[in-house]
Structure formats: structure tokens, C-alpha cells
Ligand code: C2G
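Just one chain follows, in the form predicted on its own, and it is written as C-alpha cells.
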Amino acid sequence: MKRILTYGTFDLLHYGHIRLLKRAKALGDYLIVALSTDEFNEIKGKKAYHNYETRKQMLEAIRYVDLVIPEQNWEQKISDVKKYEVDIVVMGSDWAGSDKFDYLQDYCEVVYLDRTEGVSTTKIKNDLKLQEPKNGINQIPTPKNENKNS
């Protein structure tokens, strides 16, 4: 059985996340997701909208994910690889060349997958900031081709 491991916050779950998980699972038989805890996100300077338990439940509902474990610190990766007998660690290509994952090549294969172009949690958060509320109510733009008289 080939075991795959990936790490992340997976906060505002989107198509890019699903695509990454699907491609990671396609590399083996069993996909483990190490999900950043709220406390670890705080150390990393990240603010998640959903708490750890909610993010974990969302990941567990995805058919490509076999197991979700907590990611509590940067240093746990070698012990995760050993404990779960991981064959491949998969990360997004923006981590390629990073000292956060390359050293794992001494313990298993490390694969960097291209991110899905045009979508990211940061982009979603920034796009939502552009939609300023009016009178306390979020205004959703009407599509240009929609007939207002219907």
C-alpha cells in the first residue's frame, strides 16, 4: 500500500484544494492530510475562518481523504513520515525548494504539484474584501446579462 501525506490549513475549501487532494490520492492508495491546528496557524501568523474541528470535518467528508491528523508544529514531519509509513509527501509547487519540505527526501519521496491557476484562499479573501457592505448588507452584483424585468 502506497501512503501519501500532505499538509495544510484547508480553511476556505475550494476547487484548488479538491484538485490537489485528488491528484495527491492518485499517486497512491491512502491519503493522509496533516491539518494545521488553530494554535499552529497562530504561530505561522495565519488566521483561519473555520476552527480546526470544522476544517477536519470538511476534509473527512472528501472521498479522496482517508485520514486527517493534526499538524501542530514544523518539526513533526519526520515523525509523521515514520509513524504513518509514508511513501510520498505531496505539497503545492509554491513550497518547492523550501527548507520546510525538501529535507524529507532523506525519508520519502517529495512531490510538488502545480497549484490550480486562478484560485487560492488568499484570492478569495481579497475578492471578498472588494465587496464592501452597504448599510450593513452585502451587495451581490447583478450579472450584466441578467434581465432586470424578469
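Quick caveat, the model's predicted, so the values are computed rather than measured. Numbers for residues come from their place in the sequence shown, where the first is 1.
The same protein also has a form predicted together with the named molecule, omitted here; what follows describes it.
- Although the partner is absent from this view, Val86 stays clear of the named molecule in the predicted complex, with no non-hydrogen atom inside 4.5 angstroms.
- Using a 4.5 Å cutoff between non-hydrogen atoms, Lys56 does not count as a contact of the named molecule in the predicted complex.
- In the predicted complex, at least one heavy atom of Lys46 sits within 4.5 Å of the named molecule.
- For the chain shown alone, Trp95 is a contact residue for the named molecule in the predicted complex, at least one non-hydrogen atom being within 4.5 angstroms.
- Between 60-68, 24-32, 78-86, 95-103, the stretch whose residues reach within 4.5 angstroms of the named molecule in the predicted complex through a non-hydrogen atom is 95-103.
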